[in-house]
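Just one chain follows, in the form predicted alone, and it is written as structure tokens.
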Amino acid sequence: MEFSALAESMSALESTTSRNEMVEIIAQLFKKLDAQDIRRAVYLLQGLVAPPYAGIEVGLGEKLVEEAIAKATGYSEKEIEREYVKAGDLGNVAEKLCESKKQTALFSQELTIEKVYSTFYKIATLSGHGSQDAKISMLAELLNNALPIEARYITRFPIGRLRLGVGDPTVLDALSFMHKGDKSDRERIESAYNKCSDLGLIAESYARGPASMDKFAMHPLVPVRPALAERLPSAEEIKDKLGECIVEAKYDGFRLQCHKKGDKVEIFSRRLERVTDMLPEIVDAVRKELECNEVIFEGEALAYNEATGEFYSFQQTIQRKRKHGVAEKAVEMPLRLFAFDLLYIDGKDISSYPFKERRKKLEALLKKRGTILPSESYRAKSSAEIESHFEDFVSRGLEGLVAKDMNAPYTTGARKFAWIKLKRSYRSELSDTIDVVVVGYYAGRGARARFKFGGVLGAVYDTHTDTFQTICKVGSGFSEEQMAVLQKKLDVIKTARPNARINSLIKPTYWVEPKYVITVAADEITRSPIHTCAKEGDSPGYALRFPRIIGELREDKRPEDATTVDEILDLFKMQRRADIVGPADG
């Protein structure tokens, strides 16, 4: 299929502010494409050439893209720079210049989706001597053959500025609409996606036949979407919900999913990004400490001080996620991995087994106690036992505990009451910190005028509508360094209008793509007429009172991993209960 069909759909997506329209546009596009082109289109719509876990990125800098535009159009790089300053969008510059090229290629051909995708894949995977010049030439060749509208998106793609806002749920809905005309197949498609985390493959398979969704299975080296925990504010409510349960220490580290197949080991983050090369001691331990050929298990990694034996905070631990200086940091801040669940072992998917059986198999696997240890775990029959373990964990500097239903299966990609977290922050004014997605930011005023940064507009995620609903304006807690770094990152993803997935009554100085997550603390959750979180009709929504940023950007979380609207409602109820009964003793 011609790439122009995809470019026209991209233009339509860019123009709409309705998520329902986005689903319809993508569904209609899919109907025109064969199965292979649907797979390529899914990747291209999301600015990818492969699923995120593959770790393959195009990553061309603006200067290299400008060189390619110059090579394709005959304009000088200085002329392109002047146009870029005026337009503020390199894609629009390429579109304009391709309409009035100073030079024309001797030969040109119609671009296909396959040609554009395969070229970007080659650019992403090319390395070695002369690769930079080769990448510029390949991009220039695409632009030589591109229609103006095609040039807009071909240029934006390698610099990561498509600005279409096509999230996974939107694609899942569009696939169902393609076959069924509604969302009736969404759950079936998502179930398959939870097990393989490759949306392009899912789309191609579904296009070939919906029955293929029932055949997807868990495989080592391919990450599964993680199970998530619910929250409750007290040991009593956990006991009422679960009865006898297993309680585990809740560590303040970063969550890892570890895979082994023979000597091959891969490690994935919570957001399913490949982090294998950043964690050499974990890779070595998975290979040497586990007596099995194949395994998939999860754990929480913490950096520690070898001299004192003390564990570092999350903000210190997260420094281990880096591309450079890995070996030096591994010596300075070695990791321990506390394993808490086992999903697959030697050819068998055990995720459907009751948790107590998975836990038993996990402990049997971790006989060699070294870098990988089982998470601290106990059975609790009463609320008093749950509370006792909670107080013990907190007294030792841990976050709290996670209570688990002993008989529950592992629920990929879902937040259910099979796991319930109880954190020490639940005993403070607001029962937890909140992870919000930055959807806009404000120009600086007064003392902050020199930063051109005055704070951000934050939103939480609505899982039912796949939208981001505003809940706060955050203007405090930022250091000067944070303001400078965040402004630089947000400037890159500014948009002229709100993304179709943003539901807001407030207009910030600048809209941005929903990409970055920050953690905020607040005094309480209040009702608000100006915020859209859980707002229905004329009734007020919910907002955070006196929000302030805590720590750095949460680069381990996707926008869809932010706090949800449902969680805000639960926290509001917890807060109300706390107001009635008073703070807990101790």
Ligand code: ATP
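Note that residue numbering follows the sequence shown and begins at 1. Just so it is clear, the model here is predicted, and its values are computed rather than measured.
Omitted from view is the form predicted together with the named molecule, to which the following refers.
**Message:** Is it the case in the predicted complex that K250, S375 and R415 each bring at least one heavy atom within 4.5 Å of the named molecule?
**Reply:** Looking in the predicted complex, the three residues K250, S375 and R415 all sit within 4.5 Å of the named molecule (heavy atoms).
**Asked** For the chain shown here without its partner, which stretch in 33 to 41, 553 to 561, 539 to 547, 526 to 534 has non-hydrogen atoms within 4.5 angstroms of the named molecule in the predicted complex?
**Response** Residues of 553 to 561 come within 4.5 Å of the partner.
**Request:** Tell me, out of H179, R270, R336, R274, which residue has a non-hydrogen atom within 4.5 angstroms of the named molecule in the predicted complex.
**Result:** Looking at the other structure, the residue within range turns out to be R270.
**Item:** Of K404, R501, R156, R358, the one that lies within 4.5 Å of the named molecule in the predicted complex (heavy atoms)
**Value:** Here the answer is residue option K404.
**Prompt:** Is there any non-hydrogen atom of E300 lying within 4.5 Å of the named molecule in the predicted complex?
**Reply:** Close contact exists here: in the predicted complex, E300 approaches the named molecule to within 4.5 Å, heavy atoms only.
**Asked** Is K423 close enough to the named molecule in the predicted complex to count, meaning some heavy atom within 4.5 Å?
**Response** Yes, K423 sits close enough to the named molecule in the predicted complex that at least one of its heavy atoms falls within 4.5 Å.
**Prompt:** Going by a heavy atom distance of 4.5 Å, is W419 a contact of the named molecule in the predicted complex?
**Reply:** W419: contacts the named molecule in the predicted complex.
**Prompt:** Does the 4.5 Å heavy atom contact test between R255 and the named molecule in the predicted complex come out positive?
**Reply:** Yes, R255 sits close enough to the named molecule in the predicted complex that at least one of its heavy atoms falls within 4.5 Å.
**Asked** From first to last in sequence, which residues of 474 to 493 have any non-hydrogen atom within 4.5 angstroms of the named molecule in the predicted complex?
**Response** Sequence-ordered list is empty.
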